[in-house]
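A lone chain, given as structure tokens: the form predicted alone.
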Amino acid sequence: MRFAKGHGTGNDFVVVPDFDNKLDLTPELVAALCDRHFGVGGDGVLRVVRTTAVGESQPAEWFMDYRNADGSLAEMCGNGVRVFARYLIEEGLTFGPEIAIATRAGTRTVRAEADGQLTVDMGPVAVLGEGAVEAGSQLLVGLAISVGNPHLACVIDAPVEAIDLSSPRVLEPAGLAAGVNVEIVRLVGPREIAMRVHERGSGLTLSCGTGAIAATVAAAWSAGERPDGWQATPWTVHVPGGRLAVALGATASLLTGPAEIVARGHLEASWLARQRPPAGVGAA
């Protein structure tokens, strides 16, 4: 079983090529791959599969099957889709400068920039209303936002490092209590923010692409901007793993940042065999 390891601003992924949908990528195997001590290590798994092989009808040749580190399915990943695009380019599986990639949140277009960075059109965002989260001993109020996946972004005045994000508990809206990405955001300059994130299914990560967009929406909202009047001037988003740029629009949200493949290799057959449950275990 081949794999590659990549990251976008420290948000790292195990990339698994499975063009014809032949692998049995169970939640247990995903969790084992993402284990930082006993596996390859990552915030999630990006399976590279042809859309036709999984019955997708989206107008893109390649489908990004994204799994969180705990093995659960996820709709979208802004850093992941850039890493996915970088892998396709370096493997000669597609040619730019624009690449269409199918995801569970719909087709996303990635553009290779002249400086080596990648820009993703993440589509429009939706502000769902106010929400509240308990982070450590603090109660924070923020905006519930959909970027193809759910977020609760809270703008604060204190340094983002001051908030305990180890296990945030969403109190409202009730629809997000089952799983949501939580962002802590602070304005640090004109159209410039700092952000930390706790991702559902992965925990604290060094970066989150969709989270950067949600954080920007919350910051713009706090500054009085609304979706029908988003300004095209990009925001700079500082995350623990680096820096991203976000430009909001009524019909498109553009996320720009680096993506890098750092290694390629093969998983040992003996290691893979130990990750598979014994015959009959888990059967219905």
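For the two forms, the rigid core is made up of the largest set of C-alpha atoms that agree within 1.5 Å on superposition. When you see a residue number, it is the position in the sequence shown, counting from 1. Everything numeric in this text was worked out from a predicted model, so none of it was measured.
We do not show the form predicted together with another copy of the chain, though everything after this point is about it.
Proximity of Leu206 to another copy of the chain in the predicted bound form falls within the 4.5 Å heavy atom cutoff. Although the partner is absent here, Phe19 sits far enough away that none of its heavy atoms falls within 4.5 Å of another copy of the chain in the predicted bound form. Residue contact with another copy of the chain in the predicted bound form: Val40 places a heavy atom within 4.5 Å of it.
For the chain shown alone, Leu25 is not a contact residue for another copy of the chain in the predicted bound form, no non-hydrogen atom being within 4.5 angstroms.
Here the chain stands alone, but in the predicted bound form its contact with another copy of the chain, taken as any heavy atom within 4.5 Å, falls in 29-37 among 211-219, 228-236, 57-65, 29-37. Contacts with another copy of the chain in the predicted bound form, taken as any heavy atom within 4.5 Å, map within 1-23 to Phe3, Lys5, His7, Thr9, Gly10, Asp12. Ser202 is among the residues whose C-alpha shifts by 2 Å or more between the shown form and the other one once the rigid core is aligned.
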